[in-house]
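Here are two versions of the same chain, shown separately as structure tokens and labelled structure 1 and structure 2.
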Structure 1
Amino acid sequence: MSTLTRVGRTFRRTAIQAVPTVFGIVILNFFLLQLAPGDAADVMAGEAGSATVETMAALRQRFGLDNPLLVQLFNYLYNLAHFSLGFSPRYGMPVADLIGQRLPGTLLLMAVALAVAIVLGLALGSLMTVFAGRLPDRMLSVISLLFYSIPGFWIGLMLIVLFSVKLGWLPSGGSGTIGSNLTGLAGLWDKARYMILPALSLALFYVAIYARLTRAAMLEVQSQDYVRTAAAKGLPPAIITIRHVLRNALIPITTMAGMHVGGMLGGAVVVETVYSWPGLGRLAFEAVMGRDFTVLLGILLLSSLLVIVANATVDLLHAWLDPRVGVR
């Protein structure tokens, strides 16, 4: 079976499975959020300092919060069917527009953090494999375990103390210099300076996982018959490592990367709050504090779709890497 055929079958199977998954996520998220105490009207009244019973009733009627639960669910599904995520009572704008403003920042942060985690994890894991059982392997294992054990918010704060407060090399928060009109390479470098610390804070936890996973996968692959056959044929060690050992070791790495997309979205809430990064994570935190469940439902739905797309991409990558995938 050709690679294109295997990839096509994998794509069709994943697409069919995604439809009921998305529908179940939508229903589950809606009912779970209804269990939370309070609503946007309560928060808005609290921020105003006082509100009459009539004012509270008018707010709930305006935003449809006084409707029965099933009616609210029907209205929500009706909006989704018309490609609308609803209207935010707190921000006074459509949820889709609000998410559209924050989504690029989170996607960029996650992409950079995931790339850094995979590259560093593969590099460290390969070094640990080369020196398996010796001192460098043990030292790198301890360092990996250290980053895995430390909470992400503490790593973020320590990076701010070291690189922003003590050394003054990097900014402590934000996404760009306020009021600057930099373009070209200067503008790109300005954005990159604000990206380094948040991406590193988000990536360090996953570097430890990928390093340990790469080490275990490469050690297992090295003991396979086809690797010994390639060595017996006289292939250089570098070619054996890259074309045979590392390629097959990438399968569990890509599997974990797809699963970690959801974890990175959760970690982005902490990182974006620590670094004042304008993204979906910080917006989700603000929506929870403001009981803006319409915004939170939109973020949860989009996050679920991102995780499904990431896992579908991993399945397609597996179909390309391993001929045994996608046969059935």
Structure 2
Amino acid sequence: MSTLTRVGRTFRRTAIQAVPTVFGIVILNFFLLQLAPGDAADVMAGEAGSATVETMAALRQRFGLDNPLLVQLFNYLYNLAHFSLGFSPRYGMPVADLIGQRLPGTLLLMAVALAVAIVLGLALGSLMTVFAGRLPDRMLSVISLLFYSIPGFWIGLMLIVLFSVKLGWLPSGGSGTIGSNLTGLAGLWDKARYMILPALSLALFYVAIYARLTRAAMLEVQSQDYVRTAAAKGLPPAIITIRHVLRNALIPITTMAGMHVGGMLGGAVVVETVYSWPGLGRLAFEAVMGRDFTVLLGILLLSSLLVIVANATVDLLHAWLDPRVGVR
């Protein structure tokens, strides 16, 4: 079975499995929206300043808010099917557009943080494996546990104190120098400077996870018979590690990386708040402050879908890395 067939089959299976989950999440979202205090009519009335009982009733009728619950659920699903997540009076634009504007910022931040976490985690984990059971391993193990215990928003603030306030090396917030029209490398460097601290704050927790995971996976793989076979072939240790150990150890590590997308989105909410990073998390914070529940639930729904997509991607990656996938 070729790699392509394997990946194709996995894709089909994953897609089918995701359907009931998506449906369940949508239903849950709908009921949370129902629970939220105030409805669209209240919001619009609030925006307008004042409204009589009659105009409220008229508004409700116009938006179908006086319909029975099931009809409203149907309407909600109908709107979703047309990619409509509702309208935010506060921002004066459809929620879907609003989220679309902010999504790339969050995705970029998460991608960079994930990359940093994986690279640092793999490096630390490999180091711990080499010294397994000895002092450097124990020390790194406690350090990784420390990283695991630090709240992202706090380390974010502390990094600002050190690198922005005290040393003045890096900006303390935003996503680019306002009004600057730098291009090329200089522009990229300007963007990168704003990226370093938020990405690091978000990554730290996951560095700890990947370091420990890498250590466990590599120790596990190292004891496998095929590693002994590789040594019996006369391969040098570096090639054994890269070609035989790491490739196998990557399988559990990629699985975990996909599972962390949801957690990272949560982390992005607080980190973006700290650094005024214009992303979904910052939008969620603003929506909380303004009690804009349509936006908030739109974010919840969309981020859940993002997790499903990430999980599917990992499944495909998995199918590509591990030839045994289709058989199991």
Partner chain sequence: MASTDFAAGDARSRRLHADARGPAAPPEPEAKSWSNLHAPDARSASAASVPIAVGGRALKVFLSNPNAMFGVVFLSLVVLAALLAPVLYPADPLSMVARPFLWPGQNPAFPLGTDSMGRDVLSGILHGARISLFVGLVATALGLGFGILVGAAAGYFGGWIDDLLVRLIEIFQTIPSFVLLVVMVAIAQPTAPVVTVAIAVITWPTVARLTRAEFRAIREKDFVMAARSLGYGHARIIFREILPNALPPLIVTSSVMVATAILMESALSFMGLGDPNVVSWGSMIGAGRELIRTAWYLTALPGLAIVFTVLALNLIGDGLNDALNPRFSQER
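Note that the rigid core is defined as the largest set of C-alphas that superpose within 1.5 Å between two forms. None of the values given here were measured: they were computed from a predicted structure. Here, a residue number simply tells you its place in the sequence of structure 1, counted from 1.
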Self-check item: Label of the structure corresponding to the form predicted in complex with its partner chain
Solution: 2
Quiz item: On a core-based superposition, does L32 travel 2 Å or more at its Cα between structure 1 and structure 2?
Solution: yes
